[in-house]
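One chain comes next, on its own, written out as structure tokens in the form predicted alone.
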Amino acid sequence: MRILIAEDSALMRRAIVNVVGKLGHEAIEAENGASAMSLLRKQHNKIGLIILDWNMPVMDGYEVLTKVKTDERYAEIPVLMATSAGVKEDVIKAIKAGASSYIVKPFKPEALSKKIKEVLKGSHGKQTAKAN
């Protein structure tokens, strides 16, 4: 399965790509939300999960999330928000907008791996507000 990762920090993106690879999935990388949307338009039928940073230049993760969840071509793709914005209101806002789950940075690779497995296993219609 392909997992789209939108993260402006190259270091954090690499860490997420490593976790995705260890889980046996292919990572597609975008350094901002606009790039993520471009990749999504081209490959949406091959993408099984989107991992979004909230704070990115050009287009932030929340804007990407709302575009994804309001477009019938992408709406069923689960979205995991991975961000340093651990404010409770932001978590609620993301879940209400359609995020499947949320993880707060910094996180350990094991925590991200667990979160990805949870989202892929059963949250294709269920949503969880767990922050870790």
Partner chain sequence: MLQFAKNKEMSLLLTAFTLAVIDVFSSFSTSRVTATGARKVEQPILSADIYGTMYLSGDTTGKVEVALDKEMAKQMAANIGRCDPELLSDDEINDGVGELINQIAGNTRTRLWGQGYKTEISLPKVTGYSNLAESDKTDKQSIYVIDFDCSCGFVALQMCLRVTKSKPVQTTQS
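Quick caveat: nothing in here was measured; it's all calculated off a predicted structure. Numbering follows the first chain given and starts at 1.
One more form of this protein, predicted together with the partner chain, exists but is not displayed; see below.
For a residue to qualify, one of its non-hydrogen atoms must sit within 4.5 Å of the partner chain in the predicted complex; all three of 9, 56 and 109 qualify. The closest non-hydrogen atom of residue 88 lies within 4.5 Å of the partner chain in the predicted complex. At a distance threshold of 4.5 angstroms between non-hydrogen atoms, residue 14 is in contact with the partner chain in the predicted complex.
In the predicted complex, residue 84 approaches the partner chain with a heavy atom inside 4.5 Å. Mapping the unseen interface onto this chain, residue 44 falls outside it, with no heavy atom inside 4.5 Å of the partner chain in the predicted complex.
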